[in-house]
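Only one chain is shown below, in structure tokens, and it's the form predicted alone.
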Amino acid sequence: MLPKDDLNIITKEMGREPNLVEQGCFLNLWSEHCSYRSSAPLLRTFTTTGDRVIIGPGDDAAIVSIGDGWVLAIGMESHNHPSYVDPYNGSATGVGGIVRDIISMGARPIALMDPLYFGPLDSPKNLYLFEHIIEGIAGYGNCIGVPVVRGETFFDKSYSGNPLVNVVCIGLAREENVVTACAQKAGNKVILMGSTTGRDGLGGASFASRDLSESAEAEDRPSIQVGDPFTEKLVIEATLEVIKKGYVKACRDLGAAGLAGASSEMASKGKLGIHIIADNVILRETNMTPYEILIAESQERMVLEVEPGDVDAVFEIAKKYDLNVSVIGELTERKYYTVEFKGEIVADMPIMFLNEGAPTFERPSEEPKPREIGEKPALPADLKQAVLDVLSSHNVASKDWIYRQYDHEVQVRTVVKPGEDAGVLRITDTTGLALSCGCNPRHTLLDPYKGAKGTIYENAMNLAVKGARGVAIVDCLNFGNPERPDIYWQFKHGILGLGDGARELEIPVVGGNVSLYNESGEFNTAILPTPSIGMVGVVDDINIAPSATFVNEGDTVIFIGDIRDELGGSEYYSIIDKGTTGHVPTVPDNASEIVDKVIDVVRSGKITAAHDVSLGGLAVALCEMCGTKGAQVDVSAIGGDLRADDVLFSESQACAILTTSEPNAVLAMLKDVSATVIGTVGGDSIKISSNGIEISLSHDEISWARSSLTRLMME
């Protein structure tokens, strides 16, 4: 039901009270999910333009140039609430939706990333959600032939009643083949192509704009879409073919708010109206009402603007791929969204008002009381065991059980597979893309601005260690109920942190998604503030991208950056139950220079292995670099007067580990930033000396600790 204030605004504008069909359209298109009512003013603070940006926010996906006429289509979406109610179909259709956003721009999807956030796996319900969400992503992505090349999986009790399923998709196209969702000409026909329309997904947009109730699984199941990846694959090929042949003037996938959303947005972007004949929509269920036909979010459907003379050609291609296709309307000069059903007009709304009339505003925000830093806990008696405990936590442990279920080899572009700092894809014989995603929600909880800004730098360093410079960012801003002043304050300052970090690195924020009301009545809690991002960078020469593990005996190990007393929000503190104490990592003033230096030195070809230092800190990074070889390191030179656990576990920003057989040349290149030789590659263990304490970790111990998640799932 429409909120009373909205109903009054609409009634005044239309000069009459909207009927039930019209109210359904307004309810969904004016939802927070579709209209960004309380987030639009904040999102305008992002820098969204740049030399490479061809199309920024506002279309189904952004378009970014990578040179020689090639462009990327980039998008990021969430499917959080549906994935709690129906984990398999919720996550699968999350993949399907973002893939269609990419093909609607005329680009072929070439990669997926999936930042995921769950409650602890010691709960049967969380374990069930975890297993079936992964299964849904794998089942859909594998069938449509798009590799999942990178992801993040983070566990915290706040996600128990509201897991987060965020998906990034990257597509590749020739610039001349790009189309947009902007309608071109009155008189052109509107075609619906793909699957049939059923009652699944009714009111999905409005469902995504409210808290989950305790009875959500039973009450909200009709709001969940059901996906068919085999039809999606046919939709991909058919859509790309009709676009490449020049038949499509505008294109939009049917996602949130279904046909009403896609068709009205397409027309309004072109400052046109549209006349829809709902009887022409091919249905899979009987006796569907106009409201259901317009609002249902059935999957695998595309709406196309086609000139009258090209309709038959589009029909032939659709039939070749065994897809349903019908002309469902026509673009008009009259700027109204008009729907006809059984010879009667059942909806007639000013189209610009429907799509752009929702009031936007900043909500009241309230900074929480200053957080006490607290006393440092006692230094662990057994530092070796502390390292193993952090290494075996599910947040840090290897995620191979997850990505083994994904086909990351399909399309044969994948150069660096899941499990490293960034995935790397081949575009030409030498050039490629590096992809990174995620955030640290505990940092953002303790300080939304610092945590969000750190998110930008952590992902930028993930790209840098592969020699890639970021060219575009997409985001998925997952927060609780914005009507709570403390939550809106988190949201606001998280956006400011992301924006400032992106500007410092000169990487535009080209698109994304806002997911609010991520709270659970069952657990009476909001999620951790989770401003997850996807970042794409260009690799000039994929043949010199360094390994993430130690390579050559005798190579020099160099630490770049500075470790500080910043254990606040660290995985180490979460394990010893000190999660709300300590200083949160602050991005250093010269962080952008450090990132640039890492990129330059990696591109020199003198680096044999490189690894970002982030979640878990230096100790975890060193252990993760132990593949077939270990190293002997002394970290006392980088810790100053810090305690041993500060040096080992602080998650300070803009830090990395490099190895090289040419230390003098590399150190000369790094002379303007903090760079310290800390050891040598070799042996079958990692030996870390700090403040006179030596920790020896054999490969078996590292492997056992890192396999904790896999062992749990194989039991």
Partner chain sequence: MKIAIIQFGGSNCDLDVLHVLQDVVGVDAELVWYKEENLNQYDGAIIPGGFSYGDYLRAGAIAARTPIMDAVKKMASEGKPVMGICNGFQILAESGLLDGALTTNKYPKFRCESTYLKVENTDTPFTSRFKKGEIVSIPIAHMEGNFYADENTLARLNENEQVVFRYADINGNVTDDVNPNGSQENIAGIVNANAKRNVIGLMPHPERASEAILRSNDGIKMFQSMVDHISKK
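Numbering follows the first chain given and starts at 1. If you're wondering where the values come from, they're calculated on a predicted model, not measured in any experiment.
This protein has a second form, the form predicted together with the partner chain, left out of what is shown; the following refers to that one.
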property: Candidate from Phe353, Phe315, Phe341, Trp401 lying within 4.5 Å of the partner chain in the predicted complex - any heavy atom; result: Trp401
property: Partner-contacting position among Ile607, Ile542, Val281, Val595 - heavy atom within 4.5 Å of the partner chain in the predicted complex; result: Ile542
property: Whether Ile74, Tyr117 and Phe155 all lie within 4.5 angstroms of the partner chain in the predicted complex by heavy atom; result: no
property: The partner chain contact in the predicted complex: Tyr406, any heavy atom under 4.5 Å; result: yes
property: 4.5 Å heavy atom contact, Asp645 to the partner chain in the predicted complex; result: no
property: In the predicted complex, Pro308 touching the partner chain (heavy atom, 4.5 Å); result: no
property: Touches the partner chain in the predicted complex: Asp86 (any heavy atom, 4.5 Å); result: no
property: Region of this chain that lies against the partner chain in the predicted complex, out of 77 to 85, 560 to 568, 420 to 428, 631 to 639 [heavy atom, 4.5 Å]; result: 420 to 428
property: Those residues of 138 to 153 which, in the predicted complex, come within 4.5 Å of the partner chain by heavy atom; result: Asn142, Cys143, Ile144, Gly145
